[in-house]
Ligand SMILES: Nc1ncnc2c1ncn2[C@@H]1O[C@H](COP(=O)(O)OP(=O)(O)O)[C@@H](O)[C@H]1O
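Below, in structure tokens: the form predicted on its own, a single chain.
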């Protein structure tokens, strides 16, 4: 059996000629929840299913995706693009030990000006859409800065990674809310409506707007036509949730609880994509600088990661049972 081909199945042929790759960013607000770990393992899993994959480390101030993929000293980096030393994004992608998988690392950054300006970020995303690949996975940094949010919301299928602990859950809510409002503000045409969205981003604003539903009513009152567009943008924002480090049934249910609360209070309709169980073999894989789907493919963590990878490859569909 050829590498990259699954037992009992046919090798994928990749995207259709002339189509763009799907951009899959992984964020979540809090550091240490496993974003880089999941990007590395999902990328390997999808590549070994025959998909052409590019993994991108957008966390320039804490880049470690290359280490998790076993590349100790990448030859190129996204930092070269930020610094203006390389404008062709295709030249930044280098092969990994896994067939079909390339990496754009985040090493060698100038810490004095680590993050690109907004126009440069959008140009970078446009360049990624022109990559010869089926999927581009983006490993985002911690927090809810404009740079992180732009990578998350401009892309196709944003994944929010959550650890089953109170601080991670709180950060996930903050992250989704910030991405939601930034997407709304940038999508609106009328300056007064954009100003209103900016006001609502302050949870203690003096206008008394405390939820997206209240904001929608204000937009409809101000400009009915923009209100229709506003409602459409609201409905289109559907982040996908992954709970990492699950130890029991209560942790599994966390995804459903977050989904319900987002719908009720934030006007956000996330999809619960799946979860990854807590597994000691994950720690061993990280220490070995190799993906767990590589060194322990039968481990519980690897099995659930493979399941999520298949769902991502198939596109939006049924949620975790």
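For clarity, every value in this text was computed on a predicted model and none was experimentally measured. Residue numbers count along the first chain shown, from 1.
Omitted here: the form predicted together with the named molecule. The next part is about that form.
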For the named molecule in the model of the complex, the stretch among 276-284, 249-257, 263-271, 46-54 with residues bearing a heavy atom within 4.5 Å is 276-284
key: is_contact(residue 30, the named molecule) in the model of the complex, heavy atom dist at most 4.5 Å   = yes
Please tell me whether any heavy atom belonging to residue 244 falls inside 4.5 Å of a heavy atom of the named molecule, as the geometry stands in the model of the complex. yes
Q.
Since only the chain is shown here, I'm wondering whether residue 66 would be in contact with the named molecule in the model of the complex (any heavy atom pair within 4.5 Å).
A. no
